[in-house]
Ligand code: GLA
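Okay, so here's just one chain, in structure tokens, the form predicted alone.
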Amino acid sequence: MKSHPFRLGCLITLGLLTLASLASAAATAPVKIGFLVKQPEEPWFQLEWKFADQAAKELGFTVIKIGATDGEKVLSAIDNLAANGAQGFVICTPDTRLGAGIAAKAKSAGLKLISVDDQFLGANGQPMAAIHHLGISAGKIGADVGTTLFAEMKKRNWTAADTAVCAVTFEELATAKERTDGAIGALTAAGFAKDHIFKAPQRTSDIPGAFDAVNILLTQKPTVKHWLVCGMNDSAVLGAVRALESRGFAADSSVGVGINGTDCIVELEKAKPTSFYGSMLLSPKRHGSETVTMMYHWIKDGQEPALDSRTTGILITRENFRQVLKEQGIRE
């Protein structure tokens, strides 16, 4: 039986109105964005969450903060976000090798995805360039550490023959390797002898892991008078400083520069200077605020962010750290 033209027109109109209504409802639905971090107790991630909340308050969306410390917790968190009406999430993954699985899970749940801090790795071990990412310009920041260390060596009139580099490494993490490689590259480019640069591989990426690694190196190199210390973060350098102190090295015979700037404040506040000279302060404000802001506009306005965005660091020392932390909104 043929459809009546008027009835057919009404059905088409009704269908279009329904689709428009659904689209309007989706457009006006409250925006909810997940923010998953691998170490929720760490100051860096607490600050990322703080600045994400500030952006949410200014723009009018909700941030759902979840600590996801392993792969199982990540997958469970994605399910929970989807069930709670989130439209996307930002994540610092507990393991970069989980990237493909996280991306697949996000796609199946209909959630937009931005990785932060640590970039996903594919099955071939290479960065997943198709996943939106806001990260750190690790090589540049590492190079800044190396340049700072070389300048301190020159300022202190330490001779090349008596000085060595202790590079506390954790090369299982690509970002960590880029940082220490950047520092070593800057030192050698400045003329530092390659045969005076020694790596101290960490078994664990924390202060005790660095302490143990550097203790082994110091036993192997007992004749070095002055040490320049770099590592993937503040904890690596702090562990090295503690090991140096146990062997009698102080601020006049060794100098270390960390990366992060949020995990060394107590060290910089000490009344008596230690070998921990300073740190390249990364910006948890940018990483927390910019990622959720990009996600918000992607969800609400269809503005897809750049696939790869990078931030750099600011050198903080005992002399300037209070002012810089205030300027960055980390301290009052």
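On a predicted model such as this, the values are computed, not experimentally measured, just so you know. In this text, residue numbers run from 1 along the sequence as written.
Beyond what is shown, the protein has a form predicted in complex with the named molecule; the following relates to that form.
Out of the listed residues 45, 277, 51, 35, 45 is the one that sits within 4.5 Å of the named molecule in the predicted bound form by at least one heavy atom. The partner is absent here, but in the predicted bound form a heavy atom of 136, alone among 136, 200, 244, 78, sits within 4.5 Å of the named molecule. Residues 39, 92 and 287 are all found to lie within 4.5 Å of the named molecule in the predicted bound form, as judged by heavy atom distances. Comparing 231-239, 83-91, 248-256, 144-152 against the named molecule in the predicted bound form, the single stretch with non-hydrogen atoms within 4.5 angstroms of it is 231-239.
Among heavy atoms of residue 163, none comes within 4.5 Å of the named molecule in the predicted bound form. Shown alone here, residue 115 lies farther than 4.5 Å from the named molecule in the predicted bound form, counting heavy atoms only.
Taking the partner from the other structure, the named molecule in the predicted bound form has no heavy atom within 4.5 Å of any heavy atom of residue 180.
The shortest heavy atom separation between residue 282 and the named molecule in the predicted bound form is within 4.5 Å. Along 139-165, not one residue places a heavy atom within 4.5 Å of the named molecule in the predicted bound form.
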